[in-house]
Ligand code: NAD
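One chain comes next, on its own, written out as structure tokens in the form predicted alone.
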Amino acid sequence: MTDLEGPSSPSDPRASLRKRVFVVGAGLMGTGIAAQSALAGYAVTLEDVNPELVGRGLDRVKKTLDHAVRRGKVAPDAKETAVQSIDTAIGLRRVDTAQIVVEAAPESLDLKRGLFREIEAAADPQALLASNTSSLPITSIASVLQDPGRLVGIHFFNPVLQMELVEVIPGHRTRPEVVQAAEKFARDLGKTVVHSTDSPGFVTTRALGVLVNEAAWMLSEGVSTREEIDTAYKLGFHHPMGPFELADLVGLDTLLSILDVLWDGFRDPKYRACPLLRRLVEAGKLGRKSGEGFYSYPPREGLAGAS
């Protein structure tokens, strides 16, 4: 097996030949992607801009894997092997060691464009470049690259270890072999792949924005209470979580950003963010990660939101 053929077994004596995944961003999604990649037998580098963020990210990886062990989803020895497969980096200086680079930074087009300029300049020319964006157009992110055909969207879902789905989104210039490599990576991680064209919000985020936004409008109009709206969605549609529970898990700031992207992309009134959602974000009530959103949460749950 060469380093381009896929992950070797974590106990393989040729571990140095394993494909390396470089995850840009040690927030909730980045740490989930790192944990899932390590469990699948990849070597992983988890990156962020300073030691504090990287340290917090590595702690989150360990807690995520510990939780999976407690749930009986991961064996204790597999967890230890996965943790040992992850190293850390400050900035992008070691990105050239990876064959797969996954950007998991916040949903800002300017931020992602700037990151990919740096990544393209520093990464191995043959490396797969992927963005975990949940809503931003891949074509627009790739427009700053000298070779925009290298970039593809690989959209994971929170929590990464529990959610089976991955969306693969090619930009208008993404090459077919890049899409194939993205699909292979997602399937190596045990995920089911669905495809989307490069339309704002893709498939799932577009649907999520409308679902949560309509619930927020109903709440603000006094149609029902938050608890009853959540109960109606769960029992009426067999959803595992109500819209407000889901919003708090994803992060209200992330949802507001998604709605703004959808509004900019379609100019359809159904994507105009409910003022209640915007007020909560302006007040710092971002959901589980801030301790309060539509609901309040104990301090120990403060790391549960999206980034």
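Model, not experiment: these values are computed from the prediction. Numbering starts at 1 and follows the sequence shown.
One more form of this protein should be noted, the form predicted together with nicotinamide-adenine-dinucleotide, which is absent from this view; the next part is about it.
Enquirer: Can we say 28, 115 and 158 each have a non-hydrogen atom within 4.5 Å of nicotinamide-adenine-dinucleotide in the predicted bound form?
Expert: Verified in the predicted bound form; spot residues all in contact, yes.
Enquirer: Here the chain is shown alone; which of 68, 40, 256, 53 has a heavy atom within 4.5 Å of nicotinamide-adenine-dinucleotide in the predicted bound form?
Expert: Of 68, 40, 256, 53, the residue with a heavy atom within 4.5 Å of nicotinamide-adenine-dinucleotide in the predicted bound form is 53.
Enquirer: With nicotinamide-adenine-dinucleotide left out of view, which of 74, 179, 86, 105 would have a heavy atom within 4.5 Å of it in the predicted bound form?
Expert: None of the others qualify; the residue that does is 105.
Enquirer: Considering nicotinamide-adenine-dinucleotide in the predicted bound form, find the one stretch among 233-241, 106-114, 179-187, 218-226 with heavy atoms no farther than 4.5 Å from it.
Expert: Looking at the partner contacts, the answer comes out as 106-114.
Enquirer: Using a 4.5 angstroms cut-off on non-hydrogen atoms, would residue 213 count as touching nicotinamide-adenine-dinucleotide in the predicted bound form?
Expert: The answer is no: residue 213 has no heavy atom within 4.5 Å of nicotinamide-adenine-dinucleotide.
Enquirer: Given that the partner is absent here, does residue 49 sit within 4.5 Å of nicotinamide-adenine-dinucleotide in the predicted bound form, heavy atoms only?
Expert: Yes.
Enquirer: Report whether the minimum heavy atom distance between residue 280 and nicotinamide-adenine-dinucleotide in the predicted bound form is within 4.5 Å.
Expert: No, residue 280 stays farther than 4.5 Å from nicotinamide-adenine-dinucleotide in the predicted bound form.
Enquirer: In the predicted bound form, is there a heavy atom of nicotinamide-adenine-dinucleotide that lies within 4.5 Å of any heavy atom of residue 35, even though the partner is absent here?
Expert: Close contact is absent here: in the predicted bound form, residue 35 is far from nicotinamide-adenine-dinucleotide, nothing within 4.5 Å, heavy atoms only.
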